[in-house]
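Here you get one chain, nothing else, as structure tokens; it is the form predicted alone.
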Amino acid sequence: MLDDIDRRLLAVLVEDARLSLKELAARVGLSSPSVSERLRRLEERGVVRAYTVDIAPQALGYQLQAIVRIRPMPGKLHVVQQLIEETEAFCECDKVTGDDCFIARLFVRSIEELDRILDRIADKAETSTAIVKSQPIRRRPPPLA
């Protein structure tokens, strides 16, 4: 699916997605038009989904990060999912197999804010919350090899 040049191009973009086409081309040994075409194909195939920015939550006042395991009550799965989707504090949520249906990550400014958010779903789901102390591995792409 990906050749060595595509992999090199992706590796460079993972390090710095703001590089110009000219710089990307120089780093992978191609012309700018060739890199532009390869990027277009990678985007069309859904390999490259976004060029994004990594914002420090603390800079926006979010001092706490929590991971919440959520088990909806019988018949409440869709209601709980909608509440999660509508709550801006949830920055990620995975629907998973096992005892819990959702594992979600959220940023809050205080424990009181966390309580208010969890109280909104307390009558619809059981939750188990862990406060994140540190993040030894930040979100990263899967291996490109």
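In case it trips you up, residue 1 is the first one in the sequence shown, and so on. Everything numeric here is computed off the predicted structure, so don't read it as measured data.
There is another form of this protein, the form predicted in complex with the DNA, and it is not shown here; the text below is about that form.
To verify the annotation, which of these, 63, 36, 81, 87, has a non-hydrogen atom within 4.5 Å of the DNA in the model of the complex?
Only one option qualifies, and that one is 36.
The single option of 41, 27, 120, 105 touching the DNA in the model of the complex, heavy atom within 4.5 Å
Only one option qualifies, and that one is 41.
Would you please decide whether residue 20 lies within 4.5 angstroms of the DNA in the model of the complex, comparing each non-hydrogen atom pair?
Yes, residue 20 sits close enough to the DNA in the model of the complex that at least one of its heavy atoms falls within 4.5 Å.
Taking the shortest heavy atom distance, is residue 110 within 4.5 Å of the DNA in the model of the complex?
Answer no; every heavy atom of residue 110 is more than 4.5 Å from the DNA in the model of the complex.
Stretch in contact in the model of the complex with the DNA, which is absent here, among 28-36, 91-99, 53-61, 66-74 (heavy atoms within 4.5 Å)
One stretch meets the cut-off, namely 28-36.
Note that the DNA is not shown here; using its position in the model of the complex, name the residues of 66-102 with a heavy atom within 4.5 Å of it, in sequence order.
Heavy-atom contacts to the DNA in the model of the complex: nothing from 66-102.
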